[in-house]
Each structure stands twice: as structure tokens, then as C-alpha cells.
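In C-alpha cells, the next block holds one chain alone, the form predicted on its own.
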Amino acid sequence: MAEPIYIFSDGILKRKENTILLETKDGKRHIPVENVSEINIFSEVDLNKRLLEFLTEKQIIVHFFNHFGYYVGSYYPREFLNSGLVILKQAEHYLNSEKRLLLARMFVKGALCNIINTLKKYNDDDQFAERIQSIRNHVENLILCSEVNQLMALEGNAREIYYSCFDRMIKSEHFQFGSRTKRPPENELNALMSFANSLLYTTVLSQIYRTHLDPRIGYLHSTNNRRFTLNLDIAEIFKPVLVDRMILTLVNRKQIKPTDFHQIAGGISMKESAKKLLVQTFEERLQDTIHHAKLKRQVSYRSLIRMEAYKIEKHILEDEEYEPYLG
């Protein structure tokens, strides 16, 4: 079964006959191409056009991250499942303000409902009862928003309430969340969240690549000069389920320690050991399965992300109205 590979060593990545070859100072590693679904590069790696042609032929997407673990871009091979009809319908749903608003509202609804479900898991002695009710009120008020910007403002407000609970969900005296800070994150928990969010964005993009959808057309995040936006929309739904719960678990089990970080100009960055631990834990989480009531079988979280894209495709083709995943 093809799986993602993650590269943390500096070196050269190239085609060697019908395999991928990674050369580093520690030696050579032959990677059977049929075992690779996507490549994530966190180090300084040289590659050439011959490899990119090979990856295009094998439909393998490559994601690049900088020294601090920030996502910097993807090599998105020629689409092999693109459909003129689906792209036209995607554009139609973006250009029609009512249709765009409906989809954007569903993304925010999914995100906020999953935030509530996450808070419930840590709601000892009803400590978050008021905040949960406040976020529920935000969900009910989504219908009052007549523009996407209003939805985003409402979501941002609800997330501030959610983040205000983090310091009570953390059972470690060594970490404090405070508020959400980015580029650079100002403390350890924000560094974890930024890195894990980047992993989620690229995972969603890789799953969209295997559908008929065009990732450049999003609905909550505006379609503009930014390369991809639909993956950001879908990721909002899964952040509380896959990213936030994973971070809380790692910190509360003391698998992540203050020594896993170092200071950078204006903020905090993760050491390579911490990045590797987070990547491994995130992969395990994606492979975890849950029972899908509609399909009546176990499905992995990675499959759920792909299925979310299929649901959006069905919606824009007017086969079935979209409802976000709640978990």
C-alpha cells in the first residue's frame, strides 16, 4: 500500500531506473515508487527534472517545508482526474454569492461543532459549560451571516473563546498557550499547532489531488492569487479533531518537553526530534479508523478527508447537499 514518505536528511533525491533514490551522508536508500503516495521534504534536498517527470507519471505530489517547518509550496503534478464539468460547477458555486455562502457556512459549522466536541472531552466538572454554550450560540448565528467575511469574523471570535480554554486543558506546568500566535509562534504550543496545521493542509491537498476537484477554488477562503484554498476550507473541519486533540495528548502525556524547542528571532521553533515525533503521531492518527455509520464499516481519518472532498463534489454537482464531518 502506498504511503507518504517524510525526508528530514539533506541530500539528493533522484530517479534510479524505476525507483526513487535518496542519497544522504548516511548512504543510499532505494524507495519503491509503488510504495509512495506523496513526498514531504523538510530538509535541503536537490532534485531534478527527470525525477519530477517520473513523479508526474506516477501521480506523486511533493510538499516542501522550510527550516522552521513552515509549508512553502508543493509540486502538484498534472491532474489526472480533472473534469471540465466539475471545474465549471466549482466556479459557478464560487461566483454565485448564495451558493458560495452556503458552502462557506457549512465549513464554519463543521469547524465549530468539532471545537465543541473537543471541549466536551476536557469538560471536567462542567468547567467549559459557559464557553461551550457561547460557541453553540455562534453556530446558531451562522445563518444570520450574509457575507463570507462575516462568517470568518464569527469563526475567529469563536476560536478565541476556544483558545481561552487551552490552558485549562493542558495538564503540564511547563506549557502555556495564552493566545494564538503565528509566523513565528511565540511559545511552544503555538509552534506545535502551526507545524501540525501545515501537515494537515498538505494532507488535505494530497487527498483533493485524487478527486475531480480543483484545489484552487475555495469558498470560505477567497480564491485569489494564493495557489490553493479548498484544502484550507476542508482543513478547518478537521483541525480540532486531528491537530488540537493530538497536541493536547502529546503534551499531557509528557511526550513533548520544553527541551524539544529552541528560540529563534521573535519566537519559538521545534527541534528536529519534535518534528519527527509530531509527524509520526500525525501519521498514526491519520491511519486510525472509526466506524462510519453510513458505510457501516471502519474507515481511516485519511479516508474521511478524501470522502469530505467527494461530498463537496456531490454537492456542487447537485447530487446531495453537503454536510460536514462531525467527530
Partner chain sequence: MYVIVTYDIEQERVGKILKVCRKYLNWVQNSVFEGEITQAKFEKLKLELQENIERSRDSVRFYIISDKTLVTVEVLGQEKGSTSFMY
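Positions refer to the first chain, counted from 1. It should be emphasised that the depicted structure is a prediction, and the values quoted were computed from it without experimental measurement.
The same protein also exists as the form predicted together with the partner chain; that form is not shown, yet it is the one meant from here on.
In summary, among the residues T289, Q280, T259, Q263, the only one with a non-hydrogen atom within 4.5 Å of the partner chain in the predicted bound form is Q280. Think of it this way: in the predicted bound form, the partner chain has a heavy atom of just one of I41, V299, V33, L47 within 4.5 Å, and the residue is V33. From the list 60-68, 263-271, 23-31, 291-299, the contact stretch for the partner chain in the predicted bound form under a 4.5 Å heavy atom rule is 23-31. For the candidate spot formed by S97, K109 and G327, no residue has a non-hydrogen atom within 4.5 angstroms of the partner chain in the predicted bound form. The shortest heavy atom separation between F8 and the partner chain in the predicted bound form is within 4.5 Å.
Under a 4.5 angstroms non-hydrogen atom cutoff, the partner chain in the predicted bound form lacks R285 among its neighbouring residues. Heavy atoms of E320 never reach within 4.5 Å of the partner chain in the predicted bound form, leaving it off the interface. The partner chain in the predicted bound form comes within 4.5 Å of no heavy atom belonging to S303.
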